[in-house]
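The data below hold one chain only, encoded as structure tokens and taken in the form predicted on its own.
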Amino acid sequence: MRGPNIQNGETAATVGTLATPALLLDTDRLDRNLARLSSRMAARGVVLRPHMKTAKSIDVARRAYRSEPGPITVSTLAEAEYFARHGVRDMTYAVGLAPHAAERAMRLRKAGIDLKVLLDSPEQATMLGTAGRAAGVTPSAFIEIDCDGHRGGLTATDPKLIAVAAALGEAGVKLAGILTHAGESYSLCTPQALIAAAENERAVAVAAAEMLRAAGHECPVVSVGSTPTAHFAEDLTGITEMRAGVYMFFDLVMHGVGVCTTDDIAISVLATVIGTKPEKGWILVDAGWMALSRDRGTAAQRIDQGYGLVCDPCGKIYPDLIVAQASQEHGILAIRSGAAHALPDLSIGAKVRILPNHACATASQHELYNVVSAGSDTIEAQWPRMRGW
């Protein structure tokens, strides 16, 4: 017999005794995902700089680097401070720089952390130089390059690129190199399109680096990265490092893009059945958008997974059973529209696992990972996650 449910934050012996909703992390899948991209980059002579915005956990980072802390990417300065406390010394803060962030980042550099920041304007270069002088340190910055119109940055042929590099020199800031992100690859779904996106990302990054070098600026690091392009790039000539984050866990969006299978998805949300509405074809669970996030990233893909794909407690997928609706603390399970499968017979108190649309967004709803191995009901550990900005 199973014991009583254990409250989140306490020690639970098994998945069955865990209070829900709860975040599960399968370390067999995690390790397989980590090894897949690590070996791919090693074979191509490219440094892998994992983006820890997905995991936000030193325990996960230690799975990626078994010997000593390696280079990482972060999306918040709170992450940078957290990982610095755990011994990581080489980090890239891959978000455009604001004045308060410049001052805070320089405090980390003064403490001995090789934290490189990101910018795309002369104004930011001047601001960063001022913050560096105030802290008594030499800042280091990447210039952001826009390779596909996804977000910020300069195009590789924009004359402002040279102006920003010159402004960095005048401000006493070291130019670390250029950095780009092929974010539009998330909207693709065929190998051919992903290969083309990866080559475009590479070509634009290399062109920007060559433009800087031709103007007399050193550009030691040429940094690219998105999980889809990292896995589909055929040629990385001229690239020195790759950044990716969601590859550690994968999710349903990445499955829809074609980067992974559902068997690769390492995190899931454990939920409990709290009601049934057979006349509506519904099963109610205690995991709503507060546990799953509001991310509906699969809605634009060929297969809409609702708020998540539903599995049994062992991780076996129920055919076409999705979280069709979600309110704050309620999820409504239903068979996907147009599918012929019958609703499974799940009684009140039964447990299910829900595979997430977006691993980063879903994980961010939780305080910790309940660590399990494939095929086991045992909770092996509880790994805290950091939060905040």
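Note that residue numbering begins at 1 and tracks the sequence as displayed. Since the structure is predicted, the reported quantities are computational estimates derived from the model, not experimental observations.
One more form of this protein exists, namely the form predicted together with a further copy of the same chain; it is left out here, but the text below deals with it.
- Taken together, the three residues His100, Leu284 and His358 all come within 4.5 Å of a further copy of the same chain in the model of the complex, as judged by their closest heavy atom.
- Contact check for Ala291: a heavy atom falls within 4.5 Å of a further copy of the same chain in the model of the complex.
- Proximity of Ser140 to a further copy of the same chain in the model of the complex falls outside the 4.5 Å heavy atom cutoff.
- A residue is said to contact a partner when one of its heavy atoms sits within 4.5 Å of a partner heavy atom; Gly153 meets this definition for a further copy of the same chain in the model of the complex.
- For Thr272, a non-hydrogen atom is located within 4.5 Å of a further copy of the same chain in the model of the complex, even though that partner is not displayed.
- Out of the listed residues Gln301, Asn200, Thr262, Ser75, Ser75 is the one that sits within 4.5 Å of a further copy of the same chain in the model of the complex by at least one heavy atom.
- Among the residues Lys316, Lys110, Arg213, Lys277, the one placing a heavy atom within 4.5 Å of a further copy of the same chain in the model of the complex is Lys277.
- Look at 336 to 344, 65 to 73, 34 to 42, 52 to 60: in the model of the complex, residues with non-hydrogen atoms within 4.5 angstroms of a further copy of the same chain sit in 52 to 60.
- Of all the residues from 317 to 334, those having a non-hydrogen atom no more than 4.5 Å from a further copy of the same chain in the model of the complex are Gln325, Ser327, Gln328, Glu329, His330, Ile332.
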